[in-house]
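Presented as C-alpha cells, the chain that follows is alone, the form predicted alone.
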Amino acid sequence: MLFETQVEVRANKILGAEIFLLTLHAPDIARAALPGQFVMLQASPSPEPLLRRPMSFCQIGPSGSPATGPETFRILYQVAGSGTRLMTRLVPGDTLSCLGPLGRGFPLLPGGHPRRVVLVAGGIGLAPFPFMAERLRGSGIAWTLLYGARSAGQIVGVDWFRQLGGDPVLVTEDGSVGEKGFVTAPLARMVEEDRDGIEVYACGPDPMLRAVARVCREGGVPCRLSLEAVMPCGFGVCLGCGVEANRPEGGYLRICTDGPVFAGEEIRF
C-alpha cells in the first residue's frame, strides 16, 4: 500500500563524514515498508527544492534512542548536493512531505532457506542492509556483511550489525580500517570457497555493482543488485531513471518501479 503524508522529524544525528541518520515518525509507511524499498522525501519544510529525494529504508521501529518508537523509520544519507545539504538542517518537530513505500525490494526468503546471504555494501550503499539483516535474522537465515568505503571516516553503523549477531568484514581503499582494497576481493574469496551455499545482495555505486555482478556471474552465484538513480517522480511516470535491460529485445527498465532491486542478469552494465 502506498501513502502520501506529512512525516515528523524525531532525530537527525551525524554519524560520520557528512553522513547522517534521520528518524521520521510515519506509522502507516513504517508498517508497510519492506527491505530494499524507498520513499520520496521532501528535503526541507519549505517548497524548495521542488522535487523530492529517493531514500532507502534503513531501520524500522524501536532503537536505543528514546526519540524513536515502533511507528518510526530511519534513513541513512550522505551530503551529495543541495537537497541533502538542506536535510542536515532538519530538527525534531519539522514536518516533511513523504511518499512511500515505493519500489521492488529484496526478496524475503522463507525460514530455513539453505543459502547464506552475503550483504555487500559500498559507502552509503549500506543504507538498506540494517533492515534486511534484521529480517534475515528473524527468519533464521544466516548472513554476512561485506562493507567497503574509501576510508575509516566513511564507515558507520557497524555496531548495528554486531547487535544482530553479525561480524562485518570491513574494507577500505586506503587501508585505514579493515582490509585494504575493494570489497569485491573478500566477495571473490567467499564465492570461491562456498559458491553453492551463498547468494549475494548488493547496494552501492555502479562500478562496485558492475564488479559484484561479474564476480557472481563467473562464480555461478545468484545476486540481487539495488541500483541508485536520480528519480524525479519515484513511481514510473517521468521515465527519468531508466537502466538498460539485458534482454534480446533491448529496451530499458525503470529503477523506481521495476527495481530498485534487480537480479544481476536483468541489467546490462
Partner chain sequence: MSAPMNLAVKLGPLHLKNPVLTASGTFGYGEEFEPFLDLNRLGGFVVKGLSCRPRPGNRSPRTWETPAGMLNSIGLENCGIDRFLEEKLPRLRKYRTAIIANLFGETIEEYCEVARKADAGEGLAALELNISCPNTARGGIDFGCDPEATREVVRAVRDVTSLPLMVKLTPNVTDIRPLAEAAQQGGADILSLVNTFFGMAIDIRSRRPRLSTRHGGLSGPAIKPMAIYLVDRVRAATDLPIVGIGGIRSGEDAVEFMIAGASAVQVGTGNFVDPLCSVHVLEEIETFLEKEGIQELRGLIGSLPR
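This is a predicted model, so every value here is computed, not measured. Residue numbers count along the first chain shown, from 1.
Below: the form predicted in complex with the partner chain, not depicted.
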{"item": "Among the candidates 87, 118, 121, 99, the residue which, in the predicted complex, approaches the partner chain to within 4.5 Å (heavy atoms)", "value": "99"}
{"item": "4.5 angstroms heavy atom contact with the partner chain in the predicted complex for residue 53", "value": "yes"}
{"item": "Any non-hydrogen atom of residue 34 within 4.5 angstroms of the partner chain in the predicted complex", "value": "no"}
{"item": "Contact label in the predicted complex: residue 48 to the partner chain, heavy atom within 4.5 Å", "value": "yes"}
{"item": "4.5 angstroms heavy atom contact with the partner chain in the predicted complex for residue 2", "value": "yes"}
{"item": "In the predicted complex, segment of 24-32, 196-204, 40-48, 217-225 with a heavy atom within 4.5 Å of the partner chain", "value": "40-48"}
{"item": "Joint contact, 155, 157 and 182 to the partner chain in the predicted complex, by non-hydrogen atom at 4.5 Å", "value": "no"}
{"item": "Contacts with the partner chain in the predicted complex, stretch 231-250 (heavy atom within 4.5 Å)", "value": "232, 233, 235, 236, 237, 238, 239, 240, 242"}
